[in-house]
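The same protein chain appears twice below, in two forms, each given on its own as structure tokens and labelled structure 1 and structure 2.
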Structure 1
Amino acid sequence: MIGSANLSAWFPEWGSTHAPDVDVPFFDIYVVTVTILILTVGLAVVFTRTFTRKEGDPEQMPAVGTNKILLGLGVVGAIALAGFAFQTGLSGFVGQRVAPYGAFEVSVTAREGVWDFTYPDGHVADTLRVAVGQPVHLTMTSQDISQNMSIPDLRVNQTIMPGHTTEAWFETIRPGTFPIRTGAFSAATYDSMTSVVVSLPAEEFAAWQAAVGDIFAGRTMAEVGELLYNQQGCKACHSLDGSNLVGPSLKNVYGFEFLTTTGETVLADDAYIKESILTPNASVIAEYQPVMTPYAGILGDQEIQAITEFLKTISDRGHTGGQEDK
């Protein structure tokens, strides 16, 4: 077949189990369509060269009706071709929409040119690291513009839009670094590549996960606390600069006294802060609504200790108040 020698010119090398789902139907259709094209254009050219006007041709050639058999064959052929094109791409398409049970869940939040990949353990990164051979399920949304999450090597292409949650999944078959392209007309994604998927051999991935999974490694307690403040959504309700949002600012909390809705006065010491985080509605600060998410079961003792240490660093009474009272 013409061009079959160059088939490798098309598509990047297979990077995921989806690759055959796309490439095989593509080449099926390719072979058929190239044949049809050569046949049709070839006949048209041959006819124009063969039936040139000759001496003695009548002014007008006799008109003829269409050959019904030929027409019938054409219609049947066209239906067969359409059916073939549809069917050959169908199972791959369906397979790509249904993620296998137990896939590694990553949620994706996109902004113009910025990607946040959130792993099951809460770790957030701007590149997507995955293990070879492990299915990964992406749940995606955008905070501003619509763009695509296209990973050509993995044959993944899914749109990410504000107000929509879209899904995709893939399973890499080799280690490598695979670019993610967006296709948006945005200067932030100028090179149309804003991030990458890094596919690691299973052991390397496990090692990497253990390293980032242990947020305490290489950090002081206060640093871990700040990280948790950013990662656990506290910053949505609490500022660090003294301004009050949905909740009171966390600046100058530790070691200060507060009035609760029941009229009691509480001192924000270690025990109180722990209680505020685990069961916030046990005592609610006056003038606030009891809307804080309870973190019981989400944050462990060590994490809460870290947050407390962090709160100390941003409180004027961080080293005097509270501690002594204990």
Structure 2
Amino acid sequence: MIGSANLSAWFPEWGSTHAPDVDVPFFDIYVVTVTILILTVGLAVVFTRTFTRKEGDPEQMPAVGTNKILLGLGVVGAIALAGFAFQTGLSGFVGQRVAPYGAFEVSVTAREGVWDFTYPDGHVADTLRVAVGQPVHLTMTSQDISQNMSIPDLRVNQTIMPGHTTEAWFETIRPGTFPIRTGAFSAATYDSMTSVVVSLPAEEFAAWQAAVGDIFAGRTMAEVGELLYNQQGCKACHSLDGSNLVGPSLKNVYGFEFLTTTGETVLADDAYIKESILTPNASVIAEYQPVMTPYAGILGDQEIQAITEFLKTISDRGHTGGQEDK
């Protein structure tokens, strides 16, 4: 390494604004330490040649005391070197800890063999697409073992722990495809936990985002409803297998009658499903508490219809339009 004439060959080409804050301090510290190494080795050679016993030298050399000046200079030099290394890398270290205000938010989930990137519109992909010049804030967690996200071109390296949320951010400075690696040395995951960051010009990224942001494109209404069930947090309170959580299970809801906390009986038809989504606490099923968050202003008529169609697919009376089989 010391003899390399091309220091820039040690790192990939700069791909993000972090790169100068990583590479420049490294090369500065490298040059200083190599200079000190050469000086130290040079002095060792000179001293060896100078103080090697020669023919005719007396058997015993006169004792000399400790040179406190040289000793002090050595201590001060070591402290100065440590201070130089600290100061050189401090600004880059601090700058990588806090994402800029308004950064594009992406949630990252690492699990056995897979990276899941969730965008603000709910789109989930195994490839991270970003816009050139736009800061990207990653909120990361692991579902199984400790992982490590390493993006050498962008100078990003962050440990991801199960049960904890870690953060990282970057801003790409050029279009390109940058490999994502993992530091989990597992035969099951090390080779398979690979993905890429695709950095696109702002116009291309906006077009891609608009295309994937349309959840109805290429999906049936029922498939969109299932997607919304997962995206909107419904699964935290409502199961699909008949088991009761905070709220009733959604299995066999559509088309069935239920007793409410006010003693009324309601039929879970299209109108009731819509009311339960927009103003859920207006009519609460008996034995449950009015704790559901209203989705008025969050979900539109088309999304509500998609959820309704999904509920029909998991109901024994879904095909009857809400009427009991005769």
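Because the structure is predicted, anything quoted here is derived from the model rather than measured. For residue numbers, the reference is structure 1: its sequence is counted from 1. For the two forms, the rigid core is made up of the largest set of C-alpha atoms that agree within 1.5 Å on superposition.
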Block containing the form predicted together with ligand HEC is structure 1
Just checking, between structures 1 and 2 and with the core aligned, does S243 shift 2 Å or more at the CA? yes
Is the C-alpha displacement of V32 equal to or greater than 2 Å between structures 1 and 2 once the rigid core has been superposed? no
Core-superposed C-alpha of L228 shifting 2 Å or more between structures 1 and 2: yes
Once the core is aligned, what is the C-alpha displacement of Q289 between structures 1 and 2? Give it in Å to one decimal. 8.2
Core-aligned CA shift between structures 1 and 2 for R49 (Å): 4.1
